[in-house]
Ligand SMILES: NC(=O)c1ccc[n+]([C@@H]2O[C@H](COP(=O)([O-])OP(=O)(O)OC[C@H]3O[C@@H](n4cnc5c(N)ncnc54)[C@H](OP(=O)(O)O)[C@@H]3O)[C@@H](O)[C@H]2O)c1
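Just the one chain here, laid out as structure tokens, in the form predicted alone.
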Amino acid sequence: MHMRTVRVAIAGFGGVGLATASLLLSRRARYREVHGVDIRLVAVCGSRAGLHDDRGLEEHQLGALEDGLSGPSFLEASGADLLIEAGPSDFRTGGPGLGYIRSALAAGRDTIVISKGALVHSGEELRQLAKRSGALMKLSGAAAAALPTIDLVDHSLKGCTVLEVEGILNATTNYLLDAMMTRGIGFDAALREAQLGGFAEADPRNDTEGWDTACKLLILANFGLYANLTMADLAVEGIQAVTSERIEAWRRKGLVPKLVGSLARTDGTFRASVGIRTYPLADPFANIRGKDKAIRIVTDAMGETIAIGSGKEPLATAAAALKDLEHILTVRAASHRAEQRASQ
């Protein structure tokens, strides 16, 4: 039987992009055995440099990118069938990823999105682009990565009406609050610790002010529940104003604070917010430790579902993107078989 070739390009080649490339290359035998496809990584690029090889790049080539090989036109010329977008995220402008995603979807190229900015900034436009061109767009890596969020709604809870969502969606803020509560250290000391550990950004404000959680909540709301919300619809509070006095007061009451993204459906309309909620020790959310994340979804027919994620980054985000790849390969294989039957 002839084995189909699927050519993959990766835009954005920092830690997540490199982890995605490495994991993709290590799974090629799986893709051949399970999906009957030969996966070739034909192009990668960062903001100013990249690599291209029609025969497929190997791991040892990925350390030395060539200047000038970058941008949507470079990836367009690579002949890739599928784009994985893993660039820096900026929800205020859409970031560099927006151009890559627009170009790929407009050309009918299946696209896996990891960075959140373009989805928050131009989500409806991108959804319509994919609809018109027939491209598939998947975004598990942008919606809390290893923690299943949209997957729960799309698959496990399909057919149910989602009434409420609560999500501990940001690992950095959960680590900071956990350190402050369990070890009694202050916000600044906890943040320095997280930065030295390499999992808090040098400029942590997107995390600590609640914007990262807000982005993930909006992606779940708009792509999972078709809520059509914008950032202006959310009340967003972070954790930067949490004092030792507030921590001590919560501790005395037996409560645990978490930065939570919340959605509630009332009369068919969603209300959304990000802020600190406190939970008694018996609540599962009170026991989400360190860099773990969690989501609780309440539906009309299946009641309450809770998922907890604790994947190690950047591998967990890369794995979430490649989970999307496998879903795309399954859909495309079914379409391919249907086309073959129709032509016989």
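Just so you know, these numbers come straight off a predicted model, no measurement behind them. Numbers for residues come from their place in the sequence shown, where the first is 1.
Just so you know, the form predicted together with the ligand exists too; it's not on screen, but the next bit is about it.
Q: For a quick test of understanding: in the model of the complex, does each of Pro148, Asn174 and Gly238 have a heavy atom within 4.5 Å of the ligand?
A: No: no residue has a heavy atom within 4.5 Å of the partner.
Q: Counting only heavy atoms and a 4.5 Å cutoff, which of 179-187, 229-237, 81-89, 160-168 contacts the ligand in the model of the complex?
A: The contacting stretch is 81-89.
Q: Is Gly309 near the ligand? Define near as a heavy atom within 4.5 Å, in the model of the complex.
A: No - in the model of the complex, heavy atoms of Gly309 and the ligand never come within 4.5 Å of each other.
Q: Verify the contact flag for Arg48: yes if a non-hydrogen atom of it lies within 4.5 Å of a non-hydrogen atom of the ligand in the model of the complex, no if not.
A: The answer is yes: Arg48 has a heavy atom within 4.5 Å of the ligand.
Q: Give a yes or no for Gly210: in the model of the complex, does one of its heavy atoms lie within 4.5 Å of a heavy atom belonging to the ligand?
A: Taking the distances in the model of the complex, the answer for Gly210 is no, it never comes within 4.5 Å of the ligand.
Q: May I ask you to check whether Thr111 falls inside a 4.5 Å heavy atom distance of the ligand in the model of the complex?
A: Answer no; every heavy atom of Thr111 is more than 4.5 Å from the ligand in the model of the complex.
Q: To verify the annotation, which of these, Asp38, Glu313, Asp53, Glu66, has a non-hydrogen atom within 4.5 Å of the ligand in the model of the complex?
A: By the 4.5 Å heavy-atom cutoff, the listed residue in contact is Glu313.
Q: Going by heavy atoms, what in 127-144 lies within 4.5 angstroms of the ligand in the model of the complex?
A: Residue within 4.5 Å: Gly141 only.
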